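Okay, so here's just one chain, in structure tokens, the form predicted on its own.
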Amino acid sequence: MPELETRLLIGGEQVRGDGDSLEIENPYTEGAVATVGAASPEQVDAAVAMARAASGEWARTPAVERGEMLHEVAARIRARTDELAEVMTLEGGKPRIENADEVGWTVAALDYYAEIGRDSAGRVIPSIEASQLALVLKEPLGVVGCIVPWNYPLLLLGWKLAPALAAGNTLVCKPSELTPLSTLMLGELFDHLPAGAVNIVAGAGTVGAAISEHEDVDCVAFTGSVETGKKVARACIERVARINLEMGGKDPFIVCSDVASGIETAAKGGAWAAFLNAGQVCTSAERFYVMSDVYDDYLNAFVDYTSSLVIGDPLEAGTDVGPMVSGGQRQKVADQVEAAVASGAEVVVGGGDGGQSHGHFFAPAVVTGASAETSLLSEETFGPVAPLVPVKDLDEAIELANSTRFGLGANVYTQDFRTILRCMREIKAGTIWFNDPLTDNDAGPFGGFKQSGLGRELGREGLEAFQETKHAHIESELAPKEWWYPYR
């Protein structure tokens, strides 16, 4: 097992946390992996102060040099893929193969922003007169606080850290108290950046609140629950700081009649979208609306494929679904399913512990007969549960898809281009995948409608989220203007 890093990164120095101790649990063994000292209030202040002190130097660093240093961070992380993937599995429970993929996706985001961060710094706009030059300048915000969840600790950090650094900002980053170890392992990989450019402080909600409320934090980028996101937003709005929020989802998955010949492929895609990382994905498919004429075939194919998935030790090759991250998260899922069953739903396959003697397992479940009023079809589940609902036509599917307070992502399986166009225009979601669920694209902006969030990550929009816009109006001639006083 690789050595577990438990030190914080403040001002270029790795230090022990002086706050409360966080015991990090292995979701598979249910034993302790390590103990991490959280950041004390004084250490949070020190991290912000160091980020502020480094912000001028980093903002003045030419963008091409910042890009080279980001490429170096990417190379260092890539070289430690095996160690990072193992630690992520130990602390989070996601199968090791998925964690290795996550490291690769994180590296890809760093390389992407290393390049587009040096592509432009604004634009030239038409001037009012021939003697003038008008510019729109893109400048860094200053100090950015990054608050990251436990389900994809490195990837969701990378989606914030890479564009924020590329734009010339300095950072104070807080990983989840459930999965801080892999993030703390990155501390030494930033030692070629100016001291204080990246700071990492561990802790629970009090540390996140301290970052959100800090007067010297110019922007907070947050991924997590709607409830916590609202708290972050209130703290930032109170002091008029910038926010970028990626919150909950309740993503619909529509299966159209015209995929009858490929129903097994559509079922496999649905299972992937519902059960990846034990359903602990912001864009997990959590509501399946299937045209009634293919519903029975789709249900049978989905159940058969779900029954074939291997549940077990996430470090073992061949494991498809590992444990959930914690007992608390598992119980929330179990409670939601039990409430649906009490209202008339049926668990066709799955549920329970999947035959495991230990670990926070919830066997991937397929549920039928749930009513639209149940929380299983209206509130985020964040677990491996796929409720299937028959619908009579596309009108009903789109209406139901738009029926919740969320709008993060959506999936549609269809061979009809007219259906694609209609769903693309009418479904209220930040990302719509057609026939290829949950595929991310570094160049494609990611974020949600409605209560799924504010702002976007990835793409050029993800860079602009960490930039301030300035208009520079330049007159080259020292001459009076005819519209000045006196009026005659």
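What you are looking at is a predicted structure, and each value in this text was computed from that prediction instead of being measured. Start at 1 and count along the sequence shown; that's the residue number.
Although not depicted, the form predicted together with a small molecule is the subject of the following passage.
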query = Looking in the predicted bound form, is the small molecule within 4.5 angstroms of a heavy atom from every one of V148, Q329 and F382?
reply = yes
key: Contact label in the predicted bound form: S176 to the small molecule, heavy atom within 4.5 Å   = yes
message = When the contact criterion is heavy atoms within 4.5 Å, does R118 count as touching the small molecule in the predicted bound form?
response = no
A100, heavy atom within 4.5 angstroms of the small molecule in the predicted bound form = no
ask   = Is W433 one of the residues lying within 4.5 Å of the small molecule in the predicted bound form, judged by heavy atom distances?
value = no
task = With the small molecule left out here, work out from 307-315, 218-226, 104-112, 192-200 which stretch has heavy atoms within 4.5 Å of it in the predicted bound form.
result = 218-226
ask   = Which one of T89, T170, S212, N411 is close to the small molecule in the predicted bound form, taking close to mean a heavy atom within 4.5 Å?
value = S212
request  = Note which of G369, G262, G122, G205 lies within 4.5 Å of the small molecule in the predicted bound form, where distance is taken over heavy atoms; exactly one does.
outcome  = G205
